[in-house]
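Below, in structure tokens: the form predicted on its own, a single chain.
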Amino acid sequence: MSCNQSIDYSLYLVTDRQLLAGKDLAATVEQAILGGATLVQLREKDASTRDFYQQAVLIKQITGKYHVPLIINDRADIALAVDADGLHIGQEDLPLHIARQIVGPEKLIGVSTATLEQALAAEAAGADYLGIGAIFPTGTKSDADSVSLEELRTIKAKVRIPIVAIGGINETNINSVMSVGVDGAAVVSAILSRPDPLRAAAYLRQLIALAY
């Protein structure tokens, strides 16, 4: 991916409509971007294809407005349909080389990994970045494997592509994650479930800046 070096992964927002407590998703994403979110992954595990597409169209309008990359979780067809900036896949999703054939060489592909072996395999297969986790217990991804900070540090030392830590990251523990030297922290509830997403994102950005 030729533009991968220019991507700012530092505050990576992953969506989950179940955490919005009545807030509008598009408005919440916009507030998060205004607060400092640098990248948005649209994750719709339970939506129909039509609903996922319609949400993706709305979120693409907002991320495009602020020149923030949009990544689509799991669904290569949705990523192509809205011309998203990339696709994020897990260990049980399409093989990376097939996903690359579908979305082409210009779009980012991120891969969820939980071990050094998975991370090295994804890098070798051409992943643009890795999502490593879950670092802390999380209620938003019940099937996530646990990864210690020491394991995260080891993976960071062994791979050359950007690494984003994910899983239970919030304002109380983001410093410990960023101190490992990862390229970013992926957050879900720490922004989406807060009554003021802009303020929550801005505070996390402050903590990330201090960690660097």
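In this text, residue numbers run from 1 along the sequence as written. Small disclaimer: the values here were computed from a predicted structure and weren't measured.
Beyond what is shown, the protein has a form predicted together with another copy of the chain; the following relates to that form.
Interface residue remark: residue 91 is counted as part of the site for another copy of the chain in the predicted bound form, having a heavy atom within 4.5 Å.
Another copy of the chain is not drawn, but in the predicted bound form it has a heavy atom within 4.5 Å of residue 75. Although the partner is absent here, residue 105 lies well away from another copy of the chain in the predicted bound form, with no heavy atom inside 4.5 Å.
In the predicted bound form, none of the heavy atoms of residue 137 sits within 4.5 Å of a heavy atom of another copy of the chain. Heavy atoms within 4.5 Å of another copy of the chain in the predicted bound form are found in one stretch of 48 to 56, 30 to 38, 150 to 158, 178 to 186, which is 48 to 56. Taken together, the three residues 114, 116 and 126 all stay farther than 4.5 Å from another copy of the chain in the predicted bound form, as judged by their closest heavy atom. Within 4.5 angstroms of another copy of the chain in the predicted bound form, the stretch 95 to 118 places a non-hydrogen atom from each of 95, 98, 102, taken in sequence order.
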